[in-house]
Structure formats: structure tokens, C-alpha cells
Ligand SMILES: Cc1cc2nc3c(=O)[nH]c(=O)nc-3n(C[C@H](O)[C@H](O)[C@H](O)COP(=O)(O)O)c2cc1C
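One chain comes next, on its own, written as C-alpha cells: the form predicted on its own.
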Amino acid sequence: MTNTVLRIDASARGTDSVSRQLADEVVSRLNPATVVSRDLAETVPQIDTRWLEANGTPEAERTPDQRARLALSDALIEELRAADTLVIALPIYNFGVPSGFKAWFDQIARAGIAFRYTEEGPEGLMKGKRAIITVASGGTEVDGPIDFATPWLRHVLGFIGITDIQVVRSDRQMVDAEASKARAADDLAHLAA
């Protein structure tokens, strides 16, 4: 059962976005008690030197400026922690993820918080969550040889401990719009409850 969805939108297309429309459908089918929305088409800052310095400073020793520098990152991590399901509306831009989505991931992928290093390698600390990715593309086939977005997203979600991942795809829209709609309908029909 889904109680809290963290919905992440990354498309710059607004209401015309197919990935957003598919996410609307997924959220409707999940019927969660709570939906927290994060629109990454709006600015999420890139990490920079001051951010890295703040993150590398032990929490008890951080200056007020360093705490302020990490405030958005802390808020994004809390949104992720509170959710049991992520619904990620992701367009493929130039074979990869939009820069806003990459900036979001950089903000939340903090050692000791979202993952940790062990003798056996990295261990994700955001376990027990589910992710449903609604992917849209004009010409790129999801999981095809030029899709660097979907495999990357599966990898980074797994890195932070989220391994229950489903994909709803409306890919290659500019190649065959009807087939793209049919793939999306089929994926939605097979979406696990």
C-alpha cells in the first residue's frame, strides 16, 4: 500500500509534458494519502565548492553559512525519507536526464545519509521504498543503446538503496506516436498495485 508519494517532475514542458501526464495517471492509480511534489524544472542549485565544504564539515562544527548552504539538501532528503513511493516523471533530453534532475540527485546523495561505504562496497540507506519512473522521449528507445537516462537512474536509485523500480514508458514518440501510446498503456496496465 502506498501512503506517501514523492512526485518528482523534471520536464520543462509543463502541462504538455507526456512524462508528467503519465505521472498523473500513476499517482491517480496509487491513490496515496499524501503526495509531496517537487518540480525540478524550477531551479535546484548545482553543488559547488562551498556546498562540498559544508557537506564535508562534521555537523556539530558547521557554521551558520554552512548550515544554510545545506538547508535545501536537508529538505530534499527529508522529502525522500518520508516517502514510501517515488513517482519520477522523466523526459530523456539529449540521451540523458535533465540537468535539474541530476542536480536533485547530487543534493540528496550524501555519504552517511543516503548511502555509506562498507568493507563490501557502498550500501544504500534509503531501503524499503518503491520507484515508478514515467519516461518520455521523442526518438530514444527506453533501455536502447542510446538511452543513458533510464539505466543511469536505475543505477543511482539502487546506489541509495531503492531497488524496487518499475518503468512506464512513452518512448520514440516522434518515430511512432501510436506505438508509443500503446507501450505506455501496456506498462500502466501491468503496474503492480
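Predicted model, so just to flag it, every value in this text is computed and none were measured. Start at 1 with the first residue shown and count on from there.
If you look for the form predicted in complex with the ligand, you will not find it shown, but the lines that follow are about it.
A.B. asks: In the predicted complex, does each of 131, 163 and 166 have a heavy atom within 4.5 Å of the ligand?
C.D. replies: Not one of the three qualifies.
A.B. asks: Please determine, with the chain shown alone, which of 65 to 73, 48 to 56, 134 to 142, 153 to 161 has non-hydrogen atoms within 4.5 Å of the ligand in the predicted complex.
C.D. replies: After filtering at 4.5 Å, what remains is 134 to 142.
A.B. asks: Would residue 18 show up as a contact with the ligand in the predicted complex if we use heavy atoms at 4.5 Å?
C.D. replies: Close contact exists here: in the predicted complex, residue 18 approaches the ligand to within 4.5 Å, heavy atoms only.
A.B. asks: Given that the partner is absent here, does residue 94 sit within 4.5 Å of the ligand in the predicted complex, heavy atoms only?
C.D. replies: Residue-level check for residue 94: yes, a contact with the ligand.
A.B. asks: Is the gap between residue 13 and the ligand in the predicted complex 4.5 Å or less for some heavy atom pair?
C.D. replies: Yes, contact at 4.5 Å.
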